[in-house]
Structure formats: structure tokens, C-alpha cells
Ligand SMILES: NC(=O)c1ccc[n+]([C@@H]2O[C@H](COP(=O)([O-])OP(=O)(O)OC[C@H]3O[C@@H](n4cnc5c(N)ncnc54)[C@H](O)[C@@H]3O)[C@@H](O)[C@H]2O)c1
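Just one chain is shown here, as C-alpha cells, and it is the form predicted on its own.
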Amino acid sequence: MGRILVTGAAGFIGSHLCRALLDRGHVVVALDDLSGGFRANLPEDHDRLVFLKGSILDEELLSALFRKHSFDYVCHLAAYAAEVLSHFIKRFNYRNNLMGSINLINLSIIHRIKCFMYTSSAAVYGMVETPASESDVPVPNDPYGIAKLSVEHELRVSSDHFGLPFVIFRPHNVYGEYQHIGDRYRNVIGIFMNQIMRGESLSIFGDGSQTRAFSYIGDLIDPLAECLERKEMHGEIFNVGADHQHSLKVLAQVVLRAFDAHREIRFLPARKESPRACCDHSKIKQLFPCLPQTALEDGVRRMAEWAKRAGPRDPSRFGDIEIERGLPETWRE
């Protein structure tokens, strides 16, 4: 068992990971600035969980945490993960998603962390031919993917130069309980659910024929929680997520059925995005041959049951858009 720093701990994937680590007997120091996460996503009273509100950009805070807690491992999930919006918030994207990560990597080297787990993203692949494999050369086509790939490269260099062990995961289109359904810029399933509960029409950019492999959170959390102590995973990159693709038009109907609702679908001007996005998962299946693949209907139903209890949220608005040119009109409302 170890003492683990989890960044982005009150966010969607982070909160699930914290629970999985606690279930395995670890001590978890959960760090989150609550810009996209919620303290309520984490257990309130747990004798092996310490929650701290703070930013990975706060070098003084991070240094104090590393000195105080003598971490064995770092699980770095903190990021602002809005791929399309990242074109319009370049400075924020690189400061938060790249430089914040460098702060953590520096301290992990100094304090001789046993393993640094990093959640990258399938966004690093860009427009490569699908299904994308870890052996493909990534060519990201948005600043978010560029920042994620840069951190991957930095971890490889830090491993070669300083011996910092790492594991990198590239999840894609993950959904489930505790997702921020009020975020208007990302997570289409959460957006659909929030629109339904607010009595609004569903919005789709383009004609809805674009396909994604929507991945239920419960299907991929075990590798993230277990990789720290499995040395055969150290130094490796793994795709994690669902194998089967669905179009956004099909997805909208699945979400509507989960709420027993009927809504108009509003088709908005298309954005520049991949028409088809999916990944090859044969590498992770070699180590985790029994990973579940929850059917979209079942996963969406579970998330919908949670969303009904949590209730709708006012759509969030990013407060400091750097480039207005080309910003979708619906994001200006």
C-alpha cells in the first residue's frame, strides 16, 4: 500500500480513481482547484483520504505537499479537457495543462516518486487512421492534444535522464456518474442529459453522423488504479476505453430513452473534428483480459439515474476567451 497524490481528484475520472485507490487500501491526498470538479464527488469522511483545494500551478503549495506527505506515487489527472475550446484559450491551455504538469514532474524527480501515472488523451492522435494504436505516430490537431503529447514526451525524457517511472493512459470519450453535466464545452452525454433536464432541445454540431467509442468509466478504472504497483506497466502507454462506435444521432436517442423523454434535436454548424474516432485496445487487454465493455444503453442508463438524483446544472461559461474569431455562436450565448 502507498501514499498517493491524486490531482484533479474531485473531477470525474479523478473521483472514481480516488475511490478505487481507497478500496485497495492506499492513503490518498486529493488535490483539486474545484474549477471543474466538486468536493461532493469524493467521500466526506474517510480516514485515508485528505482533501486539499489548490492548483497544480501553485509551486509553493506543491512543494509543501511533497515534503509533508512523502508520496510514494503521483496520479496526475488535473487538466482542462476541452479539445475544441482549446483553440480559443491557447495560453490557458498550455499554462494549465502543460506547465502545471511540469511542476509535478519536477517534484516527482526530486522526491524520487516510485511511479508517475498520467492520464493523457486520445486527442494526441489527431486525424490518424482509426482505430488508433499506441504504435501510431500522434499528430494532434488541437492545442489540448498538443499539450497532452508534450507531457508524454517530457515523461519519457525524465525517465531516460532521471529514472522516473511512469505509466501513460490515453482514454477517450469517457462518461458516467460524477461527470460535470453543466460543462457546455465538452462531454456530449452530460450535455444531452443536462439539456433534457432543463427542458431544452438537444444540440449537435454537424449532421450527427460522426462516430465515437463512448467509454463507461467503470470499464477502465481498474488499470488506472493498479498500474502503480505493476512494474510491467511502467514506461508504457495504453489506450483505454470502449471498442464499439456510435453516431451522435444514435447517442441522442439512447440518452432520450434513458430519460423517457422526447426533445427536438437542433443541428448546429459543423466544427472541424474527426468524423470517426476510436482506438485499438489490444495492448491493455494483454494485461487485463477481463476488462468489461458496458453496452452504451446500460452505461447511459446508470449515468442517467445518477444525473436525475443530482439534478440539472446551469451551463458553465469559460470566463477568459482569448480568441473570439470562429467561436461557435452557441458558446457566446
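Given the structure is predicted, the values throughout are model-derived calculations rather than measurements. Numbering starts at 1 and runs along the sequence shown.
The form predicted in complex with the ligand is left out here; the points below concern that form.
- Annotation: in the predicted complex, residues 221, 288 and 293 none come within 4.5 Å of the ligand through any heavy atom.
- Contact between residue 55 and the ligand in the predicted complex is found at the 4.5 Å heavy atom cutoff.
- Contact check for residue 171: a heavy atom falls within 4.5 Å of the ligand in the predicted complex.
- Heavy atoms of residue 268 never reach within 4.5 Å of the ligand in the predicted complex, leaving it off the interface.
- With a 4.5 Å cutoff on heavy atoms, residue 280 does not count as touching the ligand in the predicted complex; it lies far away.
- Shown without its partner, this chain lists 89, 79, 242, 204 as candidates; in the predicted complex, only 79 has a non-hydrogen atom within 4.5 angstroms of the ligand.
- This chain appears without its partner; in the predicted complex, the one residue of 144, 166, 238, 125 with a heavy atom within 4.5 Å of the ligand is 144.
- Residues within 4.5 angstroms of the ligand in the predicted complex, judged by any non-hydrogen atom, belong to 116 to 124 and to none of the other stretches in 150 to 158, 250 to 258, 116 to 124, 192 to 200.
- Shown without its partner, the chain has 32, 33, 34, 35, 36, 37 in segment 19 to 50 as residues with a non-hydrogen atom within 4.5 angstroms of the ligand in the predicted complex.
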